[in-house]
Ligand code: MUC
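Quick setup: one chain, the form predicted alone, written in C-alpha cells, and binding and motion questions come after.
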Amino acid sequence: MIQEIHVTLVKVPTIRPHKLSVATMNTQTLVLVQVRCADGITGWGEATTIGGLNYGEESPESIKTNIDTYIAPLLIGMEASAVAVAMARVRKVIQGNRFAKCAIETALLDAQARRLNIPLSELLGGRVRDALPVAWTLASGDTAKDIAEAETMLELRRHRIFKLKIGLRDVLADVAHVLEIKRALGDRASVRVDVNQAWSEMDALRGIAMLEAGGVDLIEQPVSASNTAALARLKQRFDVAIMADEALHGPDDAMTLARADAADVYAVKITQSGGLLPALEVATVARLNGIGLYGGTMLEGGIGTAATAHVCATFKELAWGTELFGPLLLTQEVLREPLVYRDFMLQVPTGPGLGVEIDTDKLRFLQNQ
C-alpha cells in the first residue's frame, strides 16, 4: 500500500553559467519525489525542469503543489505494486502535469523493481546495452571557453559528442561561433546544435544551410514546437538530421510528427513524455517510422538521469546517443555513489530499482543552504 508521498525541492549551483535561448541557468532546482510503501520499500522519482517557467508550463513550485494537493491524495492507500492501475487513475483524473506524472511513475516503478530485486530496465522490457554514449552541452556562449572545455572533455575521455546551445544571438553570429568550434575539433568529435525554437523559418533556412556545409551533424528544434509544417519543410530540404524536442509531448505528438514526416530524430525525454512508459511509446512510434532516437535530458540530477538511462538501455537502436550529463553540470551530488561516466559512456546502474541511493544527509544539507 502507498503510505506517503513527499516532494523535496533542492537548489544546486551549476559549474558555470548554462546559456540557452530561453534562459541562462546558474542554478538548477531538483524536484525529488519519494514514495513510501507499507512494506517498507521506498521509491524515488524526479520532475526537474529548466528555468522555472522559461522552458515549459510546469515549474518546480507548481510540480510540488500539484503533487501535494491533487496527485498524492489520489494515490495514498492504493496498492503500491499495481503501478499501472495507480498511473491509470492519475492520468484519468489529472490533466497535463507531465513532469509531475513522470516523477510519480518513476518512484512507483523504482519501488516495484526494488520489491522484485531487479533493475528497473527489466520492468521496461529488458536492457540490450549496459552503457550509453553521452553528449556534453557547450553553453558558456564564449567560443574560446567552449573550445577549451571540449578539449578537456576529449582528453578526459568523457565526451566526444558536443551540442551547442544557440539562438540568443544573430543567426550569423551563432553560426560563426559553432563553425569555429567545429573547425577546432575537426573529425575528433560530433558537433550538433540546439536552437530551442529560437529561429523563424527564414532564419532556419539561412542558418542550417551554413551549418550543414560546415560539417554540423544535427539541428535540434530550430523552429517553434507548434510549427510542424515548417519543421517538415526543413527536414525535406536539408540532408543534416533535424531533431524534434519541444514538439514532442508524448506519444500523440510522436504520431503527428511521424505522419507529417517532420523529423529525422526524436529526443526522447521521460518528463516531456509524461513518464517512462509513455517515453517507450514515443520510441516505438519512432522505430516503426524509421526515425532515429536520442536520449534527452531536462538537466536532471542523478535520479532522473538514472531513470532515463534505464529507458534508453532498452532501445534496440540508439543511433544518436544521449545527453544524460545533468549530474555533471551540478556542483553538488545527491547520490551516495555518483553515476559512472567513463570512455565517453554513462554506465547504466545494475542494482535493484534505479540502482542508485539518495544521500539523505546531503539532501538535508542542500535544503538548508
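Just so you know, these numbers come straight off a predicted model, no measurement behind them. When you see a residue number, it is the position in the sequence shown, counting from 1.
The discussion below concerns the form predicted together with the ligand, not included here.
When the ligand is considered in the model of the complex, only one residue from Phe325, Trp44, Trp320, Phe315 comes within 4.5 Å through any heavy atom, namely Phe325.
Think of it this way: in the model of the complex, the ligand has a heavy atom of just one of Asp194, Asp146, Asp174, Glu105 within 4.5 Å, and the residue is Asp194.
Comment: 238 to 246 is the region of 282 to 290, 166 to 174, 92 to 100, 238 to 246 lying near the ligand in the model of the complex, near meaning a non-hydrogen atom within 4.5 Å. Against the ligand in the model of the complex, the set Ile50, Lys269 and Leu299 is in full contact: each member has a heavy atom within 4.5 Å. The closest non-hydrogen atom of Thr137 lies within 4.5 Å of the ligand in the model of the complex.
Shown alone here, Leu20 lies within 4.5 Å of the ligand in the model of the complex, counting heavy atoms only. The closest heavy atom approach of Tyr341 to the ligand in the model of the complex falls outside 4.5 Å.
Heavy atoms closer than or equal to 4.5 Å to the ligand in the model of the complex belong, across 89 to 120, to no residue whatsoever.
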